[in-house]
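First, one chain by itself in structure tokens, the form predicted alone.
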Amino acid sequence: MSVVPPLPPAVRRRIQLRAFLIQGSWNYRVMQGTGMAFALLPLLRHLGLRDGDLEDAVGRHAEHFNAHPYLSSVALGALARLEMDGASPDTIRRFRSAIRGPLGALGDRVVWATWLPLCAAVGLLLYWAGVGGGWAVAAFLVLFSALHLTLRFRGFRLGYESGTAVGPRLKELALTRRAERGAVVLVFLVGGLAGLLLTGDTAMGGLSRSWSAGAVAAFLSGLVGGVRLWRPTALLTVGLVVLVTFFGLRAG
């Protein structure tokens, strides 16, 4: 196993903080490419690249790249390792092309399709169980941010320590299997939420016609659209958490 070259903490922090802005210049031509180059710029300057060499390095990292924004930190770590090891530009380009698809699919499965709706279900369940709206929102934000920040910061470390061997390391984490288990938990949470809506003190019968119509429309949309509507459904769920909390606080 090759020795991991030390990365100055200040450079690492700059890369990780810039990674939060990786989609700030998203566009249809290079997608996250500009953001990747922006995040890695502190490392390229640390390596002492100047003038034409720096321009070439920024150019290759600004090429087309698209992955899940949270797991892009894994790619940033691995690319930083390649730059530190002095890998050739062709090697870096091939690695970027190979890793972006798997990171995108894995992130969508773990975060958007499992963790986001699971956290939203927890927040809704707490609210309908009688917990204050503010606490329900706080629980959602804490749970979701726990995985979000873990993927960003630990993902970068994993990528940097692994380099081009990051694929097997990710496989060892069995994130897809954990997502499947999370989906099972989500089913139970949704079942509990349904029970509270039907039998609790704030049951469906006490809702206005607009809320009842929205619930029926959401059910029919999910029944017809199935998994094709998972992203809009996740966003709608988060929106409902905010609306319910807002109206709950006003009523209180």
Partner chain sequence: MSIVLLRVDERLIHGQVVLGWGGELHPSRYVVVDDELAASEWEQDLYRLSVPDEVAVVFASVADAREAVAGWRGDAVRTVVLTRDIQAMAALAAGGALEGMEVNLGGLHHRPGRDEVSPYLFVDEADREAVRALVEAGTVVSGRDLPGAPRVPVDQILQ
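Values in this document were obtained by computation on a predicted structure and should not be read as measured data. Positions refer to the first chain, counted from 1.
There is also a form predicted in complex with the partner chain; it is not shown, and the following applies to it.
Undergrad: Within 4.5 Å, heavy atoms only: does L170 come near the partner chain in the predicted bound form?
TA: Yes.
Undergrad: Please determine whether G101 contacts the partner chain in the predicted bound form, using a 4.5 Å cut-off between heavy atoms.
TA: Answer yes; at least one heavy atom of G101 falls within 4.5 Å of the partner chain in the predicted bound form.
Undergrad: Residue-level question: is R94 within 4.5 Å of the partner chain in the predicted bound form, judged on heavy atoms?
TA: Contact check for R94: yes, within 4.5 Å of the partner chain in the predicted bound form.
Undergrad: Is there any non-hydrogen atom of D108 lying within 4.5 Å of the partner chain in the predicted bound form?
TA: So D108 counts as contacting the partner chain.
Undergrad: Taking the partner chain in the predicted bound form, which residues along 16-45 bring a heavy atom to within 4.5 Å of it?
TA: The stretch 16-45, when checked against the partner chain in the predicted bound form, contributes R29, M31 at the 4.5 Å heavy-atom cut-off.
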